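Single chain ahead, by itself, as structure tokens, in the form predicted on its own.
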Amino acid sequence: MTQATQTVGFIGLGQMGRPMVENLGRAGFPVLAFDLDARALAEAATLPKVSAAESAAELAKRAATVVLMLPDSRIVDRLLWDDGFAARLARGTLLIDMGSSNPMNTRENARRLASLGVALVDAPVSGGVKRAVSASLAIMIGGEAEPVARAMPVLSALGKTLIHVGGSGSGHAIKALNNYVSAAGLAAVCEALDAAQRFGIDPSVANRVFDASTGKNNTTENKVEAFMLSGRFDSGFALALMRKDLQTALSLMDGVDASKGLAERCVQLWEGADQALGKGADHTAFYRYAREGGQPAG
């Protein structure tokens, strides 16, 4: 049986997971999907080469490679250890954690899974829903060389830029640090746009200047016009998840005794925005928070 015909199990059919499943099917992989959301699972099962598992336990028994696209380490750990998923995986199974887990948890999970004969690769992604749909995600990979090589055909069906950054947990570490850089840049853009508007400069014009100058970043290029100035605030990535990733990055910095002055302030800002804007807010709604001086917009 070739890798392209082996069943890939996929758990987590949210805004990112669903297009990723679809792209695996398009690449020729039979996909066995599972999600606690019955509607999301039923919709995914209508895609070519995708079928629905009745339970995570069934998926564990039938898939040689399993992809997890879950929000955080707490949920991953609950699935693996509290729900007994890890114990149901056959020896030789390859487990790929593509969510934004805590790198320290990932290292411990890799050690525990290895004792069961299961290899863990951490492969979080960047690029948002748009690049998940186009199979052009940036994927940061952590793990030993042999399981990483085994994971490459699956990851190549999902992303355009695949970078093996180091040993177990390294993918999740660099993802958290990347999101810190992204969040800091977004906060700076929001505050600068607010200042420009208060001075009398059209924020759209201000962003054109930033985007043509040294202030250019992912926010000026892809988020300001589409999601912020438009008032849509619907990029598909939750503010609470950005706040969580920032806390992970700060914890990592603490653990390795790195400088973190800006990171500490950034975490405070995003924690304040999360509390003010409430559950379900998109991360681009930070612009509303900044414009109101740290208060939720009406």
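Numbers for residues come from their place in the sequence shown, where the first is 1. No experiment lies behind these values; they were computed from the predicted model shown.
Here the subject shifts to the form predicted together with nicotinamide-adenine-dinucleotide, a form of this protein not shown in this document.
The three residues Tyr180, Phe227 and Cys266 each lack any heavy atom within 4.5 Å of nicotinamide-adenine-dinucleotide in the predicted complex.
Heavy atoms within 4.5 Å of nicotinamide-adenine-dinucleotide in the predicted complex are found in one stretch of 143 to 151, 99 to 107, 200 to 208, 86 to 94, which is 99 to 107.
Mapping the unseen interface onto this chain, Phe29 falls outside it, with no heavy atom inside 4.5 Å of nicotinamide-adenine-dinucleotide in the predicted complex.
Not displayed here, nicotinamide-adenine-dinucleotide is kept clear of Ala285 by more than 4.5 Å at the level of heavy atoms in the predicted complex.
With a 4.5 Å cutoff on heavy atoms, Gly215 does not count as touching nicotinamide-adenine-dinucleotide in the predicted complex; it lies far away. In the predicted complex, nicotinamide-adenine-dinucleotide sits within 4.5 Å of a heavy atom of Gly128. The contact with nicotinamide-adenine-dinucleotide in the predicted complex, taken as any heavy atom within 4.5 Å, belongs to Met69 out of Ala249, Ala63, Met69, Leu239. The contact residue chosen from Asp234, Glu43, Glu271, Asp37 relative to nicotinamide-adenine-dinucleotide in the predicted complex is Asp37, the criterion being a non-hydrogen atom within 4.5 angstroms. In the predicted complex, the residues of 9 to 26 lying within 4.5 Å of nicotinamide-adenine-dinucleotide by at least one heavy atom are, in order, Ile11, Gly12, Leu13, Gly14, Gln15, Met16, Gly17.
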